[in-house]
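Below you'll find only one chain, the form predicted on its own, shown as C-alpha cells.
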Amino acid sequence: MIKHTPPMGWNSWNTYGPNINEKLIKETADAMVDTGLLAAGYEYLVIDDCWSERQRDENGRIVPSKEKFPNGMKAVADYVHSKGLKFGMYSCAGNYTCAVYPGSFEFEFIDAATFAEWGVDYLKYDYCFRPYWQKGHILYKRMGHALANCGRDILFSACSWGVDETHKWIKETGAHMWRSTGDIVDTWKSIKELALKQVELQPYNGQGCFNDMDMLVVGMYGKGNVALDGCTDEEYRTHFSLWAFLNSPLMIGCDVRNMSDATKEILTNRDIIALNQDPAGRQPYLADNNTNIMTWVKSLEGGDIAIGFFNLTDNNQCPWIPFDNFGINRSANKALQLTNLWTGEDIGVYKDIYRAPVMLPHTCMVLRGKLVDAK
C-alpha cells in the first residue's frame, strides 16, 4: 500500500484517553457518518491506548478488555466497516504501551497477524518502554515487516515522537506516516511549538510517508484527556490550516458526537482539506525567513499556488509576499488571481506582490492563486 495523500480520520486519545469502550466507538462511527465527516474524507476511526487486558493469553496473543469490548475487536471492526469507515488500533514498540498495557516488542508478527484477523486497517505504533539496548529503527523495521506479511493492507502510523533522529530512518521502515513531534495538548502554546518544529523537518515530508504533527485539538475547548487552557475558534482555524497546509495527517481528536457548528465548519472546509489532499503532494516551503509570521507556499496540481499567512505572534501584523520569492518574477508577465479559502471571496488579481490586510494575533489567511496573464 502506498499513501499518496495524508490519512484523515479520528483518534480516541485526545478526548477520552483510557475511557474507551465498544458503545463509544460505535456511537463515534455513527457520528462520523451522520455529521458528514466521512463524506469530507475522514475515513479512519482509530482506538488508541488502553483497549486490551493487562496480560496476553496462554498463546501469547493480545486480548481485548472484556469489560470495555465484551464482544471482541472483530465485532467492533465489523461495525465500523459497516458504516463505510476503516478501523484502526494502537500498539507500542516497547515491552509495554505508554499506559503500561502489553506492547508488541518480540510479539510483532503475532500481533500483526492478530490485527489482520480482526480486520484492522491502521496501526498507530508508539515508542514507550523500549529496551534501552534496542535501536528504534530496528523495532519499526520489525513491525514494518510484520505488517507487510500479515495478509492485509494496514496503514503503518509510526509514533516515535521524532526522537532518535527519526527523520533519518523512518522511510526505511515501511511507515506511511511518522510522528515528527512530541504530544499535542489543547493550548495555543502547544500548537505554535509543534508548528515551529516543522520548519527544519519539511525536507523529510512527502508522498508515501507524511510528517504527522499529532492529532487535532480543534473543538476540544479545554475539555478532555489532553485539555488544558483550550483555544478560541480563530486559534483552532489557524491550527487546522497549518496542519492541512503542511501535509500532516488530519486526525480529529474532539468528541465528534457533540461538535459545535464552528468546529464542524472548520473540520469540513473542503477548500482547506483540498490543500492537504492535493494529488501532487508537493512539499510546502517558507517564502521568507520570519517564522513568527510564517508565510508558507505550496505548488498544487494543475498549476495553482497556495499561500498561507500565519500570525503566530501576540500582536497585529500586516504580512506581504513578493511573488519573486516563489519564482514568479516580473519578466514572467504573470499575475495571480487570489481566492480566500476561508471566506470563499475572490480578492482580485495581483502582480509582483500581495500585501495582506491587518491580521489579528494567532490568526491565518489562506489563499489559492491561479496564474493569469498580467495586464
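All residue numbers refer to positions in the sequence shown, first residue = 1. Just so you know, these numbers come straight off a predicted model, no measurement behind them.
The form predicted in complex with alpha-D-galactopyranose exists for this protein as well; it is not shown, and the discussion that follows is about that form.
Evaluate residue 90 for contact with alpha-D-galactopyranose in the predicted bound form, applying a 4.5 angstroms cut-off between non-hydrogen atoms, and reply yes or no.
The answer is yes: residue 90 has a heavy atom within 4.5 Å of alpha-D-galactopyranose.
Item checked: Partner contact for residue 242 in the predicted bound form: alpha-D-galactopyranose, 4.5 angstroms, heavy atom -> So residue 242 does not count as contacting alpha-D-galactopyranose.
Does residue 188 reach alpha-D-galactopyranose in the predicted bound form, with heavy atoms at most 4.5 Å apart?
Flag for residue 188 set to no.
| request: With heavy atoms only and a cut-off of 4.5 Å, decide whether residue 99 touches alpha-D-galactopyranose in the predicted bound form. | output: Yes, residue 99 is a contact residue.
Open item on the list: Partner absent here, but in the predicted bound form, which of 130-138, 177-185, 270-278, 248-256 has residues with a heavy atom within 4.5 Å of alpha-D-galactopyranose?
Closed with: Partner-contacting stretch among the options: 177-185.
- request: Find the only residue in 169, 107, 161, 79 having a heavy atom within 4.5 Å of alpha-D-galactopyranose in the predicted bound form.
  value: Exactly one listed residue reaches within 4.5 Å, namely 161.
Candidate spot 13, 49 and 124, all three touching alpha-D-galactopyranose in the predicted bound form (heavy atom, 4.5 Å) | Looking in the predicted bound form, the three residues 13, 49 and 124 all sit within 4.5 Å of alpha-D-galactopyranose (heavy atoms).
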